[in-house]
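To begin, one chain is listed below as structure tokens, in the form predicted alone.
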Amino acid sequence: MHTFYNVVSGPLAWIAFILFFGGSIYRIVRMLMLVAEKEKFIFTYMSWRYSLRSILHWIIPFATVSWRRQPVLTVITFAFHACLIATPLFLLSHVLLWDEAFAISWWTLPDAVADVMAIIVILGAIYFLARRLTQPDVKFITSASDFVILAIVAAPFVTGFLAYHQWLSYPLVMCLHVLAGDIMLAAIPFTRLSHMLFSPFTRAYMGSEFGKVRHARDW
């Protein structure tokens, strides 16, 4: 088990970071190259003003018509994504690892708060799973890969929660937690999780087109 932990927290972790950063840079650069090659006209009406206006409205809960029409989905979506990002970044044990490895550290969440946030992510994943299984319009566009992605997202939080409370076999669960984190990090640029990379560009494009060309709001 010790060897397994050394592998997932050593070589596999480095591979995951390289794939995440390298893959993210590649995907963004490739997207910009394709736009320049096939739809260069898009750059002519891109606007910082309308781009930021659109991004701002879509990252504020209930600021758009779509968010207001689905209040339950809106609350769960924002809580899920906020906890999904903040928990691993500000978890004390994670920050300590960065401090030990690179001598850098930052503000951390109390363990009890991080514990609740992990539960929010897990419950959010269950909600999105149930929604894909039961809501007809969502079920229609759901494929097997969507369930795999949900599992990839939920796994680090489920295993982390189990490891923190030392349920089941702690050494095994801890190894699975690190492995799940490696898989999620490496998967981001190459799966639909890449929306975290492309959503600002999408909103900037939509905001610029609607604001500068159509003279209308996109929310």
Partner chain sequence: MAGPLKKEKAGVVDEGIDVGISRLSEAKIQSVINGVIESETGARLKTYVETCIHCGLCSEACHYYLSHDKDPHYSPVGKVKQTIWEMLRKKGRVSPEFIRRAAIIAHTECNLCKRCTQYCPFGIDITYLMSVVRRIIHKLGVTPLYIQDTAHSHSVTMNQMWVKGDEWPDTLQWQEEEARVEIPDLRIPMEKEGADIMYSVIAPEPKFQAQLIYQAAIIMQVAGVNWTMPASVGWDNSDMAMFTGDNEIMGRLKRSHFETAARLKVKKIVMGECGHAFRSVYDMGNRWLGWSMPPFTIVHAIEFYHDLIKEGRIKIAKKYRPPITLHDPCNVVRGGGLHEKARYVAHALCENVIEMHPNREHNYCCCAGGGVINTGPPFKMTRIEGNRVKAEQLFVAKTKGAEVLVAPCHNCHSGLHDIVHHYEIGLDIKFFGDIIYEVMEKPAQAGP
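Numbering follows the first chain given and starts at 1. Keep in mind that what you see is a predicted model, and the values were worked out from it rather than measured.
Another form exists, predicted in complex with the partner chain; not displayed. Remarks below refer to it.
Chemist: Does the 4.5 Å heavy atom contact test between Gln70 and the partner chain in the predicted bound form come out positive?
Modeler: Flag for Gln70 set to yes.
Chemist: Taking heavy atoms and a 4.5 Å cut-off, does Val138 contact the partner chain in the predicted bound form?
Modeler: Yes.
Chemist: So in the predicted bound form, does any heavy atom of Phe210 sit within 4.5 Å of the partner chain?
Modeler: Answer yes; at least one heavy atom of Phe210 falls within 4.5 Å of the partner chain in the predicted bound form.
Chemist: Quick check on His215: any heavy atom within 4.5 Å of the partner chain in the predicted bound form?
Modeler: Close contact exists here: in the predicted bound form, His215 approaches the partner chain to within 4.5 Å, heavy atoms only.
Chemist: To verify the annotation, which of these, Tyr45, Trp48, Trp167, Phe62, has a non-hydrogen atom within 4.5 Å of the partner chain in the predicted bound form?
Modeler: Checked against the cut-off, the match is Tyr45.
Chemist: Only one of 85-93, 99-107, 127-135, 113-121 has heavy atoms within 4.5 Å of the partner chain in the predicted bound form; I'd like to know which.
Modeler: In short, 127-135.
Chemist: Which residues within 17-55 place at least one heavy atom within 4.5 Å of the partner chain in the predicted bound form?
Modeler: If the 4.5 Å heavy-atom criterion is applied to the partner chain in the predicted bound form, 17-55 yields Arg27, Met31, Leu34, Val35, Lys38, Glu39, Phe41, Ile42, Thr44, Tyr45.
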